[in-house]
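Shown here is one chain on its own, the form predicted on its own, set out as C-alpha cells.
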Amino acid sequence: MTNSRGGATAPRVSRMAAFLETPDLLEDATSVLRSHAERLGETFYYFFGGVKKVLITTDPAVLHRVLKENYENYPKSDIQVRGMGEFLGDGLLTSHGEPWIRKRRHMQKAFSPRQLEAMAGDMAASLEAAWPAFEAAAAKGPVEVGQQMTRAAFPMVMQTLFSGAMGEDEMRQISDGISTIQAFMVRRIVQPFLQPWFLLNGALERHQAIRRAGDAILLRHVRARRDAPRTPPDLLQILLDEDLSPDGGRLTDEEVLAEGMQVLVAGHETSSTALTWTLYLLCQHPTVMAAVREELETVVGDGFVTPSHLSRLRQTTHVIDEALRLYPPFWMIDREAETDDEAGGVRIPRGTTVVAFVHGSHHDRAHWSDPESFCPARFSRQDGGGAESTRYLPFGAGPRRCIGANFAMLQMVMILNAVVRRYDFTLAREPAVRPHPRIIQGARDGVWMTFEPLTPGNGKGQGA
C-alpha cells in the first residue's frame, strides 16, 4: 500500500499474533523474526509483547539510510536511551546529538591504533594471568566455553580501563551483575506489559540494588585514580583528564562512572560470545582449524599478538568474521525516527522505532550465497558486499559503529591464538547447540567442549 506522504506502508504482524508468540520470542527471537521476514519481506512491523510497535528490517537500502546516510534523524530508541540508561546512566551508549559527538571524539583516543599498540602488552599479560584458571578447568573435563571465554576476556577489558587495579572478586561481582541485569532488561523489552508487575514484586529494585553495588566498586576506583594519576593513560585516565563536559570542564566522578560502566557492559560478553561461536565452528571444521593454527604459528611466533599482526592473519580474521556473520552477538540494533522519512520505498513516520535485524540480514539468501554454511573464504571475495556493507553489521555501521571494534578483534585473536595453539577441542554434549538470543546471542544451555593439550611437537604455541 502506498501512502500519500511518499513510500509504501510496510506489512505487519498483528498485535494478537505477536502477543501469543511472546514465549517463542523469549526462547529464540531470531527464528521468530526470520519466519515473519520470509513471509512478509525484508521490512515489516512487529509488536514486542503485543505492545511495543517496531519496524523490523533487513533491507540494505533501509539500513543504509537509517545507519549511515540520514543517521542524525535516527538516534537510539527508548529501548536503549531509557531502558539501558536507567541502569547504565547517561554515557556514550545512551546519548545522541552534540553530547554524543563530544564524547565519541574524546573517547576515540582510548581506542586509537597507537593506544591499541601501547595496551597490547598489558592485554597479553592479563590473558596469561587468567589462563591457569582455564587450564585447571579444562584438565577436569568438559567446560562451558562461554563462561571460560568471559573469564578470560573480561579481565582484558578491565585492564584497558583500570590497568589491573581491580581485584578478582570485584571483577567477578561486576561481571555477574552485568549478566543478571542484561537478562532482566531483555524481559522488560520483550514483555513490556509486565512493567507494573516488576515494580510490585520488587524485581526492579532488586536489580537496581545489583547495579548500585557494582557502581560502588567502580566509584571507589575512580576516586582512587584521581589521587594517583596513571602514565601512560588508560581509558579511565583519559576520561578523568579530557574536557568532556558541556562547559569544557572535567567530568564528575558520577559521569566518569557512567562512561566506564557502559564500556564494561558493551565489552562484557561480546568478544567472549563471538569466541564461543568461533570455537564451536572450528571444532566442526578441522581443516580450517589446522590452517588457522599454522597461520598463527607462522605470523605470531613465540610472542603475543599485536595490532600489526592482524593484517597478516587473513585466515584467522576471516574465521572470526564468518562466526560474527553466522552468530552476531548483537543480533539487532534499534533507532528511532525524529522526523518523517522514506527508505527503500517504505514510509517511516516520525517516532517509529526501527530495528535493524542484524541476524536476519546476515542470513538473507538475497545477499549471501549459501548463507547457512560456514565459509570464511567469502570474506576474501567480499561475498555479500564485504565487511563495510550494510548487509554485514556485527559492530553496527555508520558514525555510531562500535567504538571498540578494533579492540574487540585484537582481543579475540589474542585469545584464539592461546586456545588453538595449545589445545585440540571437540564438542562434549548432545543434543546440538541452539542459539538463545537475549541482548547478546548466546547458546541455550551453553557450549560444552573437551580440551586436550597439544604435544610440544604438534603445534603448541608459546604466546597469547
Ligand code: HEM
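Heads up: residue numbers just count along the shown sequence, starting at 1. Here the structure is a predicted model, which means the values were calculated and not measured.
We do not show the form predicted together with this ligand, though everything after this point is about it.
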So, P394 and this ligand: in the model of the complex, are they within 4.5 Å at any heavy atom pair?
yes
Just checking whether I403 would be counted as a contact of this ligand in the model of the complex - the rule being heavy atoms within 4.5 angstroms.
yes
Touches this ligand in the model of the complex: S271 (any heavy atom, 4.5 Å):
yes
Look up in the model of the complex whether P329 has a non-hydrogen atom within 4.5 angstroms of this ligand, and give yes or no.
yes
Contact stretch among 278-286, 97-105, 205-213, 139-147 - heavy atom within 4.5 Å of this ligand in the model of the complex
97-105
Would this ligand in the model of the complex be within 4.5 angstroms of a non-hydrogen atom of every residue among L161, V263 and M412?
yes
Students should find that, of F111, F304, F379, F134, the residue having a non-hydrogen atom no more than 4.5 angstroms from this ligand in the model of the complex is F111
Quick one: of I333, V346, A337, L116, which gets a non-hydrogen atom within 4.5 angstroms of this ligand in the model of the complex?
I333
